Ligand code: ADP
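Before any questions on how it binds or moves, here is one chain, the form predicted on its own, in structure tokens.
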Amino acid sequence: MSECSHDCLSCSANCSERKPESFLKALNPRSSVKKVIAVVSGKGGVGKSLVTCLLTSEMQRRGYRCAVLDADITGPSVPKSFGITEHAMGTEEYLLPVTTESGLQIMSINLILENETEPVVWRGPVIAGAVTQFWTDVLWTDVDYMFVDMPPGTGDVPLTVFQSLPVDGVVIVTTPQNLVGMIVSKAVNMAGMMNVPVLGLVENMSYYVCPDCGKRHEIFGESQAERIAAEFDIPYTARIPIDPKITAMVDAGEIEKVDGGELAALADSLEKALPLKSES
């Protein structure tokens, strides 16, 4: 095809019939991933990695084979949450994800760095390339649901994930503050630009229950979850409390043992929205 001169009056090509170029990257031939769900946020520090790990663990408990692709290259926390200390191994053909106690498959930059505290001082294109390789060069074995822990914002890496991976839907993570409406709108609009549906909204640090009196306190302000979900037509919401027990279990690398009760309804909705095709 000749280069476009941008002079439509003298051009015989019918641009309206051209199909947009696909940037999707192919999996390793031996890999199998059925559904891909990106967990996103418009800003950092809202608990996106926590939600990713909790949702993945909940789906794994339901009998699915699940995986986490940690796309937060400069701030990876997934391995520590699962108590993973070993390095990922590989062959000349592919890289092997590390498997947790329950069988979850994990790939993160911290699993291939010599030291987990080593900073990743890379430019955007290099970081985006690493994320793409986690999809193309890792041997993902019979994965039903893959959750992608995205970095915050709408920059290079989120764009790479949306363009390179066949993302079936996104879950947005936020907190109760009033400013989250603007932040959520950025994530929703990016998903819309990529033609990816928003499957749910999780409000983290939504409230705190006093262990002495049992009273619920909304420390960061009144919940915005229902209002925002209605505004952006998001079908399902979940609220996760501030819970020192969850924090302690995550710090101990025992996130798989955390009761995912607050996310159970959202997990139900993911099953309905993204059902697995029958093998028959």
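Only a predicted model underlies this, so the values are computations on that prediction, with no experimental measurement involved. Note that residue numbering begins at 1 and tracks the sequence as displayed.
Separately, the form predicted in complex with the ligand exists; it is not shown, and the next lines address it.
- This chain is drawn without the ligand; in the model of the complex, the residue among Pro29, Pro211, Gly45, Gly63 with a heavy atom within 4.5 Å of it is Gly45.
- Screening Ile240, Ile37, Ile228, Met59 for any heavy atom within 4.5 Å of the ligand in the model of the complex leaves a single hit, Ile240.
- Comment: 241 to 249 is the region of 241 to 249, 228 to 236, 211 to 219, 29 to 37 lying near the ligand in the model of the complex, near meaning a non-hydrogen atom within 4.5 Å.
- In the model of the complex, the ligand stays beyond 4.5 Å of every heavy atom belonging to Leu165.
- In the model of the complex, at least one heavy atom of Asn204 sits within 4.5 Å of a heavy atom of the ligand.
- The shortest heavy atom separation between Ser49 and the ligand in the model of the complex is within 4.5 Å.
- In the model of the complex, no heavy atom of Thr99 sits within 4.5 Å of the ligand.
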